[in-house]
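We've got the same protein chain twice here, in two forms, each standing alone as structure tokens: structure 1 and structure 2.
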Structure 1
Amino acid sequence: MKKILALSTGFILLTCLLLSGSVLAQDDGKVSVMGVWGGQELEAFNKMIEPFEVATGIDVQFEGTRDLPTLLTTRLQAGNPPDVVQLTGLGMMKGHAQEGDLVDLTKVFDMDTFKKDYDQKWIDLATYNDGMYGLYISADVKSLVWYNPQAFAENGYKIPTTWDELKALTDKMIANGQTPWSIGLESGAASGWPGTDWIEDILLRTAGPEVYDKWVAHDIPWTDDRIKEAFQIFGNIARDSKQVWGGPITVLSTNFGEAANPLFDNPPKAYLHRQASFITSFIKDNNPDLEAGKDFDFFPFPPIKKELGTPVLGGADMISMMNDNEEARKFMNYLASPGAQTIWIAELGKIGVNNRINPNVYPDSITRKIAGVLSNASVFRFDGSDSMPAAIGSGAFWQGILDYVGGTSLDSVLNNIEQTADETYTTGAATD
């Protein structure tokens, strides 16, 4: 018995060693990519890289994890970062560019072609300290309000085009005994982010893009009156059980992916839902019978101050390069091409940022309409929380949103974020 045990242990050990040996024997001609994509996104990514692998013979090895910051920090510190990485925000890009982890892409692309393909705004958004450190392959538009056209028609509601009209509409809904909004802030470890989008959208509309940029850079403190006002406008909705379905506790405990569902109940429990373009995939998954454009549709989040127009807040899938080698260069150039991006966009219903993308690739009328919102935008701003240092953008800000909706006083919430900002930012005029 014991001999058998010893023998089998030896055997297992040997097989394991042999197996790991075969793993070690990796050939060259590969490019390693790290990102947060999984599920459908991963499938779309695999489809996108297939033509590249066939054409070049380079093996693209994708490592996916939703704990990207953890894995990336460890690998960078240990000295073996991936060749190419999908960064989840501008703040992350700035941080890594500052620490010298990223390759300047102006030396990788033929910039003459690149400037024809991309509007200046996308180049500016990827530029930090005179280097371009990110490549955008697609975008999501965040300033959208989703609604149920059938329910609107039944009640005779009209699409509001200004903040006053929106207020009049929600007041009418309340007078009719209905609840206007549905909001869901729960998102696992990232809970709170949908609220940050609200604040950003409002701030762009009440204070304008210049103030917005100063706020992101911490040139004005969190306790500034204009920031306070944006929080209050959000709080008047999210903290009021007349305005929002179920009141604050529901707002806090509803997963953002399920927050649009009350719009499609019969009768609807809520009528408006502000969320980015990617919510469509959740709406379809949770309610397979609904038809885009007929059963659910969107209108742009209305302007608040007329002179500031209708700015667009968005997010984008950003790719950066960490190791400068031939394979990675080829791969980055491939990703910058409209061919690669078309596959990615068509699979996922995302919005293209490359001028050479054919609008016919969008799978439905809603996606085409969203693309129109993006290309017509006078002002485009990148998601602010994603552009701040992580301790704020995915730390104190998220937590502040949850605390504020949960009933903490606004002054205490903003003071707390400001304190963390002071400790975190190394630049910024408001940093003590």
Structure 2
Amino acid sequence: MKKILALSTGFILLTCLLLSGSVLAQDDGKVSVMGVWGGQELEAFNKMIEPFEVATGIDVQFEGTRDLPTLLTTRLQAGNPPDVVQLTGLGMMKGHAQEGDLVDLTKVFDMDTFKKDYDQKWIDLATYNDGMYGLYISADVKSLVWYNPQAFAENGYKIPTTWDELKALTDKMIANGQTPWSIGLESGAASGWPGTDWIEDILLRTAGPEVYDKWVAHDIPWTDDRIKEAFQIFGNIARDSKQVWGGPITVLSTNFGEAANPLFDNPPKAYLHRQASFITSFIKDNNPDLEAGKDFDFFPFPPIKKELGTPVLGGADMISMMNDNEEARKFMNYLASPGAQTIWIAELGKIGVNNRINPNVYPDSITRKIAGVLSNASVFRFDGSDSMPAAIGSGAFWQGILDYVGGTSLDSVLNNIEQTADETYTTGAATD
């Protein structure tokens, strides 16, 4: 086994070097990188940069911070930005591109090759005013509904492919004396965020990506009927004790990492759980005897309006360049390679975005299937709350979800969030 692992590591290292031919010349320089990564992610980053440092002689110096907007602003004001930065959302990328802080990556990459390696959606997401200012190295998929295949088989349930089929399935479960959904909104100081994902997925399927983008940018108010409709669809599930296990009280008190557990009780307390691809690690930790694909599986969050299809909501690791120097150019080209990204996603269980990544790098059939969902998606959008200013996205929106599930009227919830949004954008606090 050790020999196999050593050969695998050597193969990945060799692949990285061969696929990054533009970085092989030896150099004594350095490249500074700023980001929010810590813990396991920082360990994965260090493993990913090791082949680059060995091959080039360039020293990659990482500076981590939990308050990236503030530190980056301070460095920019001092005229000392990092060479490369991990930006945390589309709004942040577009804001810095507008200020002229970022390098247009179409002048860094061979775009003919780049367009073969990356689907157009990743180029479009990184484009601002005809320039490309972000490089995506991995993604997480959120538009997934998890279920217990054996419980489905025992009850004769079939996987729904439309919202109407999903509603018919949940109605059948209720008629059988069962509870369809399990939802958990508790996450310490971040409680409420799982509900924002529901709203975002629903809005993409009822109003479309253009309306979604306007909502995230606050070009339409939170009191808009289309936003209200998305909340109502979520509320019809999360506030209904027949639809969700334990009713609203349990929804509010259950930690998101434990919310899938009722699917695996005998008999199950619930049969459906909507959560991102990272929930697999929680399922395995809480239920170590379960086998992916056999004991737990997923289907895509179904389309609601046929014409809007099945968009994918998620997160993505985005890298931008602030200083145009040779070391930073070499490093960005390396990060764009399938070899570098293979190390990153293999360490973290994320989904690759470079088309040349070998699907065998994924640890199981579940992850390979999730990669297929992402690859086949015609529309991908970032998590909305993460893309909004903190006072809204991780403030009023998170709290609004808790208030709404707890029984506060929807009009009151939306008016409160809209007031915060108005104040935030009026005072210019929306720059992060």
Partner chain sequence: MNMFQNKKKWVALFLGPALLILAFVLIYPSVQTVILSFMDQQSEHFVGIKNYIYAFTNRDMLISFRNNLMWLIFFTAGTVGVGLILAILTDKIKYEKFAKSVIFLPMAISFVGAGVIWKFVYTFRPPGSKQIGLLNQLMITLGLQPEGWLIQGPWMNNLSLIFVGIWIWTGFCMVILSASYKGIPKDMLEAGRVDGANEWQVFRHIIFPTMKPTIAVVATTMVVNVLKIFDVVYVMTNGNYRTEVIANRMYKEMFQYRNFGRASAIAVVLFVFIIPVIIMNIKRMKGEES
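For residue numbers, the reference is structure 1: its sequence is counted from 1. Since this is a predicted model, take the numbers as computed values, not measurements. Only the largest set of C-alpha atoms that superpose within 1.5 Å between the two forms is called the rigid core.
Check: Which of the two structures shown, 1 or 2, corresponds to the form predicted on its own?
Finding: Structure 2 is the one predicted on its own.
Notebook entry, point to check: Among Gly39, Gly407, Asn360, Lys158, which sits at the hinge of the chain's rigid-body turn between structures 1 and 2?
Noted result: Where the rigid parts turn against each other between structures 1 and 2, we find Asn360.
Next item on the list: Measure the rotation of the smaller rigid part relative to the larger between structures 1 and 2 and give it in whole degrees.
Entry: So the smaller rigid part is rotated by 17 degrees.
Check: How many angstrom apart are the two C-alpha positions of Ser320 between structures 1 and 2, if you fit on the rigid core?
Finding: Spelling it out: core superposed, C-alpha of Ser320 shifted, distance 5.7 Å.
Notebook entry, point to check: Relative to the superposed core, what is the Cα shift for Gln341 between structures 1 and 2, in Å?
Noted result: Its C-alpha position differs by 2.5 Å.
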